[in-house]
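Only one chain is given next, in structure tokens, and it is the form predicted alone.
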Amino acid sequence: MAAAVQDPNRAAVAFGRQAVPQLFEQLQQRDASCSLRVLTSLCDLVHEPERLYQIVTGGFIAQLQDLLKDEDPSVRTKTCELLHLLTSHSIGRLALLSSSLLPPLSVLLDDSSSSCRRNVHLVLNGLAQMPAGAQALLMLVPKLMLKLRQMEEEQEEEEVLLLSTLSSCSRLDPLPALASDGVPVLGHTLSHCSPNICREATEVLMALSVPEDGKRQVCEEQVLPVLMDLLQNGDLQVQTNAAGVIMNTVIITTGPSSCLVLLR
């Protein structure tokens, strides 16, 4: 009987509960090619609930911190992919929040590898879906707003994920985004031709237009004319969100007058 052929892109996996400890032990070798094979095998294993639970409860997540700082961009990218898979489950999100990985993860928002940055945004967006995660990410809102300013046209997927994360954080507390010039930055983003970006940007603006300062900024930064134009957008969700921002804004004294001027 022929022996099974070992996939050269994956590390050999031990049987049962020995698999996870053995793979993490191999990560200590600090060899890029070895780390990639191990991380690929771990990404396969976390699809099994028992193995994911073992990684989370066994204290193995903390061992990934050094890999986030690895010189090889492929190792950093694969490590973030593993974290993204872990945070697809609530137990993984809670474990990541209680770890010390958020600071090194935030550094990778500036990584030279677009694949690595994408995976970081996937991790942060997964965390932001729960209130505790959004709360923990509020400290990153100024940096996220800065990244939004710097986005290029070809970075649409990253921008959509970033805006989605900002939306979750701003629904919890809009003040950090407002203090980071969120309204003018988002107003500029509304001119983007991508419906996905417009949808997410108007979603964030809805959250920012809830407090009085946000309503005032929407008027002062001349965002209302852009929102009025978006009422004719072909995307129903963009129309709905734009109407929501206008509805929030016209409550204050300058809101109705601004809208009436536009309707003349």
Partner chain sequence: MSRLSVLISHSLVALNGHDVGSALFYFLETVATTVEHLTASKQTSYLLRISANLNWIPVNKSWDGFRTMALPSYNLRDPNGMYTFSSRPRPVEIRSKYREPAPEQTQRQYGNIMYDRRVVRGNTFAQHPIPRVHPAKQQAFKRRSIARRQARVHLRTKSPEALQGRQHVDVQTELYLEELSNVIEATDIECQTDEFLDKPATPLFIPAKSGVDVGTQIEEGELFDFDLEVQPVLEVLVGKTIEQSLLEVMEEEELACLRTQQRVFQELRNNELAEVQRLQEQDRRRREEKELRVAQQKEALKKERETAEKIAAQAFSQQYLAGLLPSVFTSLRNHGYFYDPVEKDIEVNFLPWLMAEVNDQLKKRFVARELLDIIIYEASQKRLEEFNRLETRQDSSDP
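Treat the numbers as computed from the prediction; the structure is a model and nothing was measured. Numbering follows the first chain given and starts at 1.
The same protein also exists as the form predicted in complex with the partner chain; that form is not shown, yet it is the one meant from here on.
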Exercise. 201 to 209, 53 to 61, 227 to 235, 26 to 34: which one contacts the partner chain in the predicted bound form at 4.5 Å, heavy atom to heavy atom?
Worked result: 201 to 209
Exercise. Thinking of 78, 97 and 102 as one candidate spot, does the partner chain come within 4.5 Å of a heavy atom in every one of them in the predicted bound form?
Worked result: no
Exercise. Do residue 252 and the partner chain come within 4.5 Å of each other in the predicted bound form, heavy atoms counted?
Worked result: yes
Exercise. Given that the partner is absent here, does residue 14 sit within 4.5 Å of the partner chain in the predicted bound form, heavy atoms only?
Worked result: no
Exercise. With the partner left out of view, is residue 192 within 4.5 angstroms of the partner chain in the predicted bound form by any non-hydrogen atom?
Worked result: no
Exercise. Is there a non-hydrogen atom of residue 188 within 4.5 angstroms of a non-hydrogen atom of the partner chain in the predicted bound form?
Worked result: no
Seminar exercise, completed: Contacts from 165 to 198 to the partner chain in the predicted bound form (any heavy atom within 4.5 Å), listed N to C, are 171
